[in-house]
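The chain below stands alone, shown as structure tokens; this is the form predicted on its own.
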């Protein structure tokens, strides 16, 4: 067994044993799927997104996901409060800069949140390029650029901001600015499921909660989990609908205790 394979097995086992509480501020189209993905992996999801409670809740959670999907004034305040709470308490957090670059407000919000030092930034190529100020080519939440096109930018952004950057696509790339890991796999039907990337961000947060000092490894393991579950689900599914069912079942099976 390779070191990475041992790390994968160890981190998935730790997640199932510790069942970390993951505070998810995510978009309305992804909340249910993300919560089910976390439960299947063994984490405990909490979808608290009001500004009055999110800062306090970030202090008791194992990790926080700040997803900029469907923004509103209330959700903006909750996101900022949760990130402040995570920063104050030392809770690791993941920034998912959904559709930045396409709209000015969320691009400015994402750039502001980066100053609070996320442990991991997870996005598609267009989002990562836009967050780094290098343009980006997206259609809504979809990227028109391949993940490989953002690797150099991701590496530079990670080094400058002291975080890990995970670029999802046909091949996921995860970098801390020094080391870059490519994670192939998955299935084309994953691109047909609403909230798949958001669920990956939530799962990255769950793994970060059990390996807070190893954000690169946590993000790589999350991509590997999704790639493996996607391949298996795609082999059994008849289409996007049955793929969702198969995928959640495969997440539950990863680690061998289904």
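These numbers were taken from a predicted model, which means no experiment stands behind them. Numbering follows the first chain given and starts at 1.
There is another form of this protein, the form predicted together with another copy of the chain, and it is not shown here; the text below is about that form.
Stretch 103-111 is the contacting one of 146-154, 103-111, 165-173, 89-97, since its residues have non-hydrogen atoms within 4.5 Å of another copy of the chain in the predicted complex. Contact with another copy of the chain in the predicted complex holds for all three of 31, 42 and 240, each having a heavy atom within 4.5 Å. At the 4.5 Å threshold, heavy atoms of residue 77 reach another copy of the chain in the predicted complex. Under a 4.5 angstroms non-hydrogen atom cutoff, another copy of the chain in the predicted complex lacks residue 134 among its neighbouring residues. Not displayed here, another copy of the chain is approached by residue 71 to within 4.5 Å at the level of heavy atoms in the predicted complex. Contact check for residue 228: no non-hydrogen atom falls within 4.5 Å of another copy of the chain in the predicted complex. The partner is not shown here, but in the predicted complex the stretch 177-201 reaches within 4.5 angstroms of another copy of the chain through a heavy atom at 189, 191, 192, 193, 194.
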